[in-house]
Ligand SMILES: NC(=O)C1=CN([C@@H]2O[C@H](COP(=O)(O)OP(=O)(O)OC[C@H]3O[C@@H](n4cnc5c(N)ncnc54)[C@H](OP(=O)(O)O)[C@@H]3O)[C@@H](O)[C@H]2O)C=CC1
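Next comes just one chain, in structure tokens: the form predicted on its own.
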Amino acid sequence: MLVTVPVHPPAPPLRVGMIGAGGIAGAHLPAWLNLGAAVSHFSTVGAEVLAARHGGVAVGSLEELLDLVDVVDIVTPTPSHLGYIEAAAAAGKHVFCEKPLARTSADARRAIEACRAAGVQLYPGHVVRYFSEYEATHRAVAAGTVGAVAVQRFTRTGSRPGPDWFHDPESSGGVVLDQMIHDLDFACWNAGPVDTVFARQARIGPGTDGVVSAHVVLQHVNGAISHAAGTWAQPGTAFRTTFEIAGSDGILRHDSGEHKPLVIDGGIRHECAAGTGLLPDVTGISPFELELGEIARAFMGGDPPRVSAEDGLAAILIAEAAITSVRTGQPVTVASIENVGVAA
């Protein structure tokens, strides 16, 4: 049992310790540096390369990192999240953890309890809440622009991830937990808690060369219905998202394939960063910078951000219900997953 100790808000500049050096670290690190943070890196592989490419300082051990920083940003494979969260909490460090918060809802609860007992803050990386089209849509829904939400539809398609661990469902939770968790979370942000989940998943092609697609239908407690479709497709597939939210007074729609980000044609000096197939094109201020800026202000004594650790847990519970539904072929209540408290 961790002992709660006073954790005072850090003074600027914020000292950030990044754990992990995989693909998403390349989105987090520039955001932290643009926010003026002093960043140190620890990773079993790749910390020096990450620092050389983007900035910051690589360190040789987790213990050294924790001694140097005020807060920790975890960007490691999903199965390792809980252990790093517990280590950071034990050292009295606030924690930001890339989605999903943990591999299972049971682990997410342990992470939340560890941080609560240590008196530190914990937030999950649900960056879609910070993309302008999603943020604006949520504000419109909350303001009653479309009336009471009746039906929501979401799609998310991109290249399948490269590292093998993504394709091991025991490690990553597959396309539902790793990719679709963004839309499951956003559906709840708009329409509230979920009662029942029904899901189907298909694969075309063998092993990691296969295309994986899943469809998840949510029945919210308030009666609204949400449908989310997610696909891991062939390498080089353009990243694309769509959504449609229908209410009693109207419909909100968006398709990233129809509404391109601003493109500046000014020669090689003004090339826009293209999407990777795993992330969309971004022009202007990165949603990751908006996300981490809001989280940093909370760490430094400001208002809580728009996403909580409990939101991260709720999304994992829904994903686990969907995974169980895929396996059993039956609708699954979120309450049944919550009561079991173990991985789907």
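In case it trips you up, residue 1 is the first one in the sequence shown, and so on. Keep in mind that this is a model prediction, so the values were computed, not measured.
The form predicted together with the ligand exists for this protein as well; it is not shown, and the discussion that follows is about that form.
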- [ ] Examine S80 and determine whether its closest non-hydrogen atom to the ligand in the predicted complex is within 4.5 angstroms.
- [x] yes
Open item on the list: in the predicted complex, is there a heavy atom of the ligand that lies within 4.5 Å of any heavy atom of V120, even though the partner is absent here?
Closed with: no
TODO: Consider V45 of the chain shown here, and say whether it contacts the ligand in the predicted complex, taking contact as heavy atoms within 4.5 Å.
DONE: yes
- [ ] State yes or no: in the predicted complex, is some non-hydrogen atom of F288 no more than 4.5 angstroms from a non-hydrogen atom of the ligand?
- [x] yes
Task: Candidate stretches 249 to 257, 215 to 223, 132 to 140, 95 to 103, one within 4.5 Å of the ligand in the predicted complex by heavy atom - done: 95 to 103
Task: I24, V75 and H182 each touching the ligand in the predicted complex (heavy atom, 4.5 Å) - done: yes
TODO: Could you check which residue among C115, V71, V149, V127 gets a heavy atom within 4.5 Å of the ligand in the predicted complex?
DONE: V127
Open item on the list: Pick out the residues of 163 to 202 whose heavy atoms come within 4.5 Å of the ligand in the predicted complex.
Closed with: P163, W165, F166, D178, H182
